[in-house]
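Only one chain is given next, in structure tokens, and it is the form predicted on its own.
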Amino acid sequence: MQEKHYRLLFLSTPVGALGSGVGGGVELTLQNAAKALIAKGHTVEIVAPEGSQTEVTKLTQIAGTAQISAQTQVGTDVVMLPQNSVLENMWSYARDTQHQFDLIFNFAYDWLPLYLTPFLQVPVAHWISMSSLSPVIDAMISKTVELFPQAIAVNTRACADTFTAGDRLMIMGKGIDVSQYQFVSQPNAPKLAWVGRISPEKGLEDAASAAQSTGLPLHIFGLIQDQAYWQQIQIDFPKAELHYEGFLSTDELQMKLGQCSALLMTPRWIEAFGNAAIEAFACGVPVISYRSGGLSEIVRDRKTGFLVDMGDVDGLIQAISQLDTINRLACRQQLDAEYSLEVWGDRLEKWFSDLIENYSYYNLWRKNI
């Protein structure tokens, strides 16, 4: 039987340019998904806001005003779309070019792409990158999966369970390009890492507190999204040795991350997945994380890291003292077995194949009603 090669259109997050860091883990997820599927013989075009950068495949840049990040609108029951919205413009492009593709892959955590799904002539796969934050998006997700079962995927079961239609969402996990990460069996000096957008929901203050108490340096990687929050952390923990390293490319990040004793992940919300955790595993770095959200499904307690209760800084400190009990090779082995591009690409390909096949039945039903 001849393999089918699909033409895929990826629509990036509209909150910022691809490569800027504003989109957080979605930016890495999108590019890794493209790599995984291109390696399997499919063609991919990426559509992203103006100013985007990628070396993975063809990139179409779209001008317009960036969308407001969903995490700044927790609980809102209104739909917000700025004038000359880049989200609207990106989906206008998708509408105009849809017949060139077999499937559209949406990475925007937003109401509009979900609403547009029934009006397009090709199937749309939706990647929901965060837990439920907005009742209006939650309701639209429920409506969409009612019409198109299996059209929406999330990272983990913990993420799915935050949505009303959680039992109907696909659990897809993630994958990274293992070849981009060097395994480090032993760091050159004891130090800690923290990776993520610097904003209140990410809980950097807990990691800073643990670093201050242990006396270990904390190397911080990521975009400063909330400057006032970052300044306050430096004021609140004057004795902590905090080193801000900036928002780095994957190559630069893995070189510095691999030299750390552990990665601290301290989110104060339900983290849907946590890309940094599997990036750390790829380098052989154990992860000390709060026992919540997707991280509780990634970290193997006392095998590839430690899980402590959310907000338990004493638990973080105790875990740091037990890092010598973790075999760093076990971290890399878990990454290879569960989060490689090959493993993830197989899941994505099967998901897309089912959606494309089932969509033909949907169109036939729609013509006959």
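One-based numbering along the sequence shown. These numbers were taken from a predicted model, which means no experiment stands behind them.
There is another form of the same protein, the form predicted together with uridine-5'-diphosphate (UDP); it is not shown, and what comes next is about it.
Contact annotation for residue 211: none of its heavy atoms lies within 4.5 Å of uridine-5'-diphosphate (UDP) in the predicted complex. For the chain shown alone, residue 25 is a contact residue for uridine-5'-diphosphate (UDP) in the predicted complex, at least one non-hydrogen atom being within 4.5 angstroms.
Using a 4.5 angstroms limit between non-hydrogen atoms, residue 204 is distant from uridine-5'-diphosphate (UDP) in the predicted complex.
Taking the partner from elsewhere, residue 135 is found to have every heavy atom lying beyond 4.5 Å of uridine-5'-diphosphate (UDP) in the predicted complex.
Proximity to uridine-5'-diphosphate (UDP) in the predicted complex, taken as heavy atoms within 4.5 Å, picks out 196-204 from the listed stretches 143-151, 78-86, 108-116, 196-204. For a residue to qualify, one of its non-hydrogen atoms must sit within 4.5 Å of uridine-5'-diphosphate (UDP) in the predicted complex; all three of 247, 276 and 279 qualify. The contact with uridine-5'-diphosphate (UDP) in the predicted complex, taken as any heavy atom within 4.5 Å, belongs to 221 out of 163, 290, 237, 221.
Checking 230, 101, 183, 269 for any heavy atom within 4.5 Å of uridine-5'-diphosphate (UDP) in the predicted complex turns up a single hit: 269.
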